[in-house]
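What follows is one chain in structure tokens, specifically the form predicted alone.
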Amino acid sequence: MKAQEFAIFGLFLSLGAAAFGATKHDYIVTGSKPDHLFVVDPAKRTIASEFKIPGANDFVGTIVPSPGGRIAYVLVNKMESIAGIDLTTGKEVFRADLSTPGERVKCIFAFDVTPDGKELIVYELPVKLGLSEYKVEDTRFAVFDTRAGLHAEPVREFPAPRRVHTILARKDGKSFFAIGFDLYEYDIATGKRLGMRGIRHWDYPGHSIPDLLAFWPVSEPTGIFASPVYSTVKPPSGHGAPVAKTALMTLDLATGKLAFHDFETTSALIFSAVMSPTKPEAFGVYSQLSKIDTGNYTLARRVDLAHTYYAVLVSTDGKEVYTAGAMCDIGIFDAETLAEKGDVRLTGCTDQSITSPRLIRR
């Protein structure tokens, strides 16, 4: 039996056991250049399965798992296609090629699957391709039926604001959030905008216009999306240079509650964050791994890392933190002490780059 066949057989057994009521386990799904998709078992510190994504065209971006974790929807082909890969067989079961001969369409990271798994909501930036000129068209949301197979086309479209970089479906399945300069909410069925709240135009007394880089759409296992946000405040004396502050932005996908809390005078860069499912704390990562006490919003602990990581995940029992993205390994750390416990290196040391690793439970 070949190595890949053995890996698939092992994943069949583990996922099949879960289907029959056995204990469920955490798996990490990540991708790497030029066309790789991995399922990693963090408990065993091993790669459970490895697949190649057809037509990836040397690009693997945002990953969105289906409810239940059976399918991974992956942004590929220079941000012009979304491939749905069955995580048991490795087969491509869904494909939405966004561009057409007369129109080039990019999705800049932002798409999500509805809680019932039936539709994908995709943020599109279209450009009309003329004989002698390109015409930038209005941005839009496109909705796809996930059962449409390998030649999916939008079932409906509606207008979208510019500068959206994250889409997050609300837990009730009726609406979705679009994060950009501000936070927008839209009705999934009609495309009607239900509301807008400030991010860039926030109401946070004493703070400057903020900045954030919320490209990693991780909300598991808590159902709360988190991201670091940077701004400045006046110095305590009221005179002199502004003081940089780092805040944690949280968005509860069940209630829609949006909150901002400063937790430190900026001393380290954090790219992404994740909430603990068991304690009042969050974790953030870049060149350091940081733990934030969300009970009183202070920095609880910080450790240096061997290299930068773009993405951070936390186990469903809250005991381990996983760092991923940027290079070719996944770091495993103790959530209490931030001590390193292990490391999983991807086959061939292929670069994860800007992909968004996700945690599934099967």
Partner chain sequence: MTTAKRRYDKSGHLRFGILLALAALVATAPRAAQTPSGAQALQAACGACHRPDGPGRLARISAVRKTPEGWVMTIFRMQHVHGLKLSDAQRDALVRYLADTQGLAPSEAKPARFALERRPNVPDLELPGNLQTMCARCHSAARIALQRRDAGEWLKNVNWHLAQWPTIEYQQNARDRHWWRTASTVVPAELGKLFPLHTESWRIWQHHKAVDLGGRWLVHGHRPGRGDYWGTADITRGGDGDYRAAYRLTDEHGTATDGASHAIVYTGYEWRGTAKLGTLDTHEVFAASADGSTLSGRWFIADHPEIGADWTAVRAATQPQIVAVSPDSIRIGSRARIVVFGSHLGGKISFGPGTHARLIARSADRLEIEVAVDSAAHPGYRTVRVGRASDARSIALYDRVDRLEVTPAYAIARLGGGRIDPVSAQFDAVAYEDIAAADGKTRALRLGSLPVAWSVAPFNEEAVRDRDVDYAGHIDAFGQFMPAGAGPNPQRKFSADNTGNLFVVATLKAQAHPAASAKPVVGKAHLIVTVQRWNTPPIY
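Predicted, not measured: the structure shown is a model, and the values here were computed from it. Residue numbers count along the first chain shown, from 1.
Only in words, not in the display: the form predicted together with the partner chain, which the text now covers.
Heavy atoms of L305 reach within 4.5 Å of the partner chain in the model of the complex, making it an interface residue. A residue is said to contact a partner when one of its heavy atoms sits within 4.5 Å of a partner heavy atom; K171 fails this definition for the partner chain in the model of the complex, lying far away.
At the 4.5 Å threshold, heavy atoms of V136 reach the partner chain in the model of the complex.
Contact check for S132: a non-hydrogen atom falls within 4.5 Å of the partner chain in the model of the complex. This chain is drawn without the partner chain; in the model of the complex, the residue among V164, V229, L87, L183 with a heavy atom within 4.5 Å of it is V164.
Of the listed positions (S287, T114, T146, S219), a single one reaches within 4.5 angstroms of the partner chain by any non-hydrogen atom in the model of the complex, namely S287.
Residue heavy atoms within 4.5 Å of the partner chain in the model of the complex occur in exactly one stretch of 252-260, 234-242, 104-112, 275-283, and that stretch is 104-112.
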